[in-house]
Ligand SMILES: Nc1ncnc2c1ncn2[C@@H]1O[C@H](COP(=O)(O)OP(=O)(O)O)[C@@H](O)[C@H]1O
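Here's a solo chain for you in structure tokens, the form predicted alone.
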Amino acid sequence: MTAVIAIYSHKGGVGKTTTAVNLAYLAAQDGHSTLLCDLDPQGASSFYFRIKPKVVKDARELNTGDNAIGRSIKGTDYERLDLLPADLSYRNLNVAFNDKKRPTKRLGRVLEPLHHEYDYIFLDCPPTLNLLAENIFTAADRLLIPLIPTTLAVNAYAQMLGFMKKQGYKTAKVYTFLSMVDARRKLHREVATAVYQQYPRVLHTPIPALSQIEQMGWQRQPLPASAPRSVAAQAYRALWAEFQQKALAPPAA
């Protein structure tokens, strides 16, 4: 059964794309057929995989007809890992979805035919809290939220959970991890402790603030591929293992 995993936050600059790229790569390395959907019009995931951020015309509003999405999917340099590239037109998805019937379910309908082809579908999501976000909440089986341990970031996370509850979306599908953590900073340590105490489903694997992660844009490769023994690559491996165990493992009989 396919699992749709959205790497989401309505704040920018929190590590969504690096997380999506590295976890999708690790899923494929585990032997799973994997698709990474680059939903951000800036196309950072597409850039990392050296794929031009462009889809066929009929797919620009994520239409399902004539297999437009399937014809837009590209293979990457890595076995079992495909990419749906970004497109600049995705900046208008909120408007495009609003003009359709059942507008909050549009993305899920687009992805549904792909469930027969992939074990995992990762969504690299733009920072937004609008109709596109509601499509993401509906389509995803799990949401994985990178959370920088600062007061403002935690407040924004609380706002997102409040929005989901108000609109009737299940927050039980939301999992969080601490991103860009600097353990030398007292504020980061204190906020991290508060997050672990206050919120459920917070994974205990942090992603540290490391120059290795920033250099992904130069290497244009997932970290476990370019620097497999690095601290950063090990952190993403541990995050993926914990997420699988706590969020994706089947319930005990």
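Residues carry their position along the shown sequence, with the first being 1. Being a predicted model, the structure only gives us computed values, none of them experimental.
The same protein also exists as the form predicted in complex with the named molecule; that form is not shown, yet it is the one meant from here on.
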Partner contact for Met180 in the predicted complex: the named molecule, 4.5 angstroms, heavy atom | yes
Contact of Ala225 with the named molecule in the predicted complex (heavy atom, 4.5 Å) | no
Partner proximity in the predicted complex: Asp30 to the named molecule, non-hydrogen atom cutoff 4.5 Å | no
Can you check whether Pro208 is within 4.5 Å of the named molecule in the predicted complex, heavy atom basis?
-> yes
In the predicted complex, which of 211 to 219, 182 to 190, 30 to 38, 196 to 204 comes within 4.5 Å of the named molecule (heavy atoms)?
-> 211 to 219
